[in-house]
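As structure tokens, one chain now follows by itself in the form predicted alone.
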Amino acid sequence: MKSININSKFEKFSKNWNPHQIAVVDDMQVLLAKLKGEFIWHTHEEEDELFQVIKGTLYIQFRDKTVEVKEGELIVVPKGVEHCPMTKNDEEVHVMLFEKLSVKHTGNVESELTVNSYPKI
């Protein structure tokens, strides 16, 4: 048991759209990720997904709207809801994610951005 300095963990990696695991709580994992540009449209059929913005502004696109999530805010994407995270104006956004250990990075879609395991930092 020790405290985790989130900012120092962000300094340990640079690749965008590549989450890193910093903790596990029961069957949930806490991930950090740097996001830049547009991800892919995908769905997590069995799991909710929580995005907390640590730095910058994240946009979560849904088929009927786009939600702006600012620094210090969070959003929960319910299971089964198709979504596509993105950033604007070439901004790199830092997020913390809370997900079940079973969540697949790109949900029901396989792409060149899919990550099958998360490095632990």
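Model, not experiment: these values are computed from the prediction. The first residue of the shown sequence is 1; numbering continues from there.
There is another form of this protein, the form predicted together with another copy of the chain, and it is not shown here; the text below is about that form.
Engineer: Does another copy of the chain get within 4.5 angstroms of any non-hydrogen atom of residue 6 in the predicted bound form?
Structural biologist: Residue 6 belongs to the contact set for another copy of the chain.
Engineer: Could you tell me if residue 98 has a non-hydrogen atom within 4.5 Å of another copy of the chain in the predicted bound form?
Structural biologist: Because a heavy atom of residue 98 falls inside 4.5 Å of another copy of the chain in the predicted bound form, the answer is yes.
Engineer: Answer with yes or no whether residue 33 is in contact with another copy of the chain in the predicted bound form, where contact means some heavy atom within 4.5 Å.
Structural biologist: Flag for residue 33 set to no.
Engineer: Taking another copy of the chain as it sits in the predicted bound form, is residue 47 in contact with it (heavy atom to heavy atom, 4.5 Å or less)?
Structural biologist: Flag for residue 47 set to yes.
Engineer: With the partner left out here, if you bring back another copy of the chain in the predicted bound form, are 67, 72 and 75 all within 4.5 Å of it by some heavy atom?
Structural biologist: Result yes, every residue of the spot touches another copy of the chain.
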